[in-house]
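One chain follows as structure tokens, the form predicted alone.
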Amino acid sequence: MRLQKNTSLALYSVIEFAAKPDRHVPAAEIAEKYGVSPHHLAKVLSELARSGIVESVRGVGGGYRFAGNARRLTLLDVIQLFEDFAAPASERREPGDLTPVGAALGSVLGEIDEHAKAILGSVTIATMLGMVERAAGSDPEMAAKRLQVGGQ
């Protein structure tokens, strides 16, 4: 499964905000960390705010803050804001899809999509925070970066 850039940015942002639930994180901080333009990120954050996953505060000391429930919000909840899993069948049809081989492949690929959705729907933001913590703890360079960011 390949996610669109906006979807990846949304997941990065949600996890970053959820890791610092008591702090308003400036969009510029997320944009710099992930190497994207603040303008592009603003569009993604606007959608997250509209959905109630994050809240924004303008002005000095403002930024974005996680407003969801990390134990209930899943990766699929965030992904579905940016990805269309239910594209009309007519858009996905190719000539080979109508052959027995195409139908068999389509069946397998459809099953893979369903498994991916089930997995994404079972992984919460709280689970991701734990995975990020373990990954940072096992990598000395990442642990140092985490301390730098956390100390700001």
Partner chain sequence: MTTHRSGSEASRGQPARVSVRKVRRTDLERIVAIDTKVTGIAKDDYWHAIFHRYGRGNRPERHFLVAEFAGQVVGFVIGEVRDWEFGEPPCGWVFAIDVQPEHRLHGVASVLLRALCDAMRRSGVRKLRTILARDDMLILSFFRSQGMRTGPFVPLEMDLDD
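Numbering follows the first chain given and starts at 1. Note that the coordinates shown come from a computational prediction; the quantities given were computed from them, not determined experimentally.
What comes next is about the form predicted together with the partner chain, which is not displayed.
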Among Ala70, Ala42, Val123, Leu105, just one has a heavy atom within 4.5 Å of the partner chain in the predicted bound form, namely Val123
Using a 4.5 Å cut on heavy atoms, which of Glu114, Glu94, Glu32, Asp84 is close to the partner chain in the predicted bound form? Glu114
Spell it out for me: taking the partner chain in the predicted bound form, does every residue among Gln4, Leu11 and Lys20 have a heavy atom no farther than 4.5 Å from it? no
TL;DR on 42 to 50, 115 to 123, 23 to 31, 96 to 104: the one with heavy atoms within 4.5 Å of the partner chain in the predicted bound form is 115 to 123
Close approach of Thr127 to the partner chain in the predicted bound form, 4.5 Å, heavy atom: yes
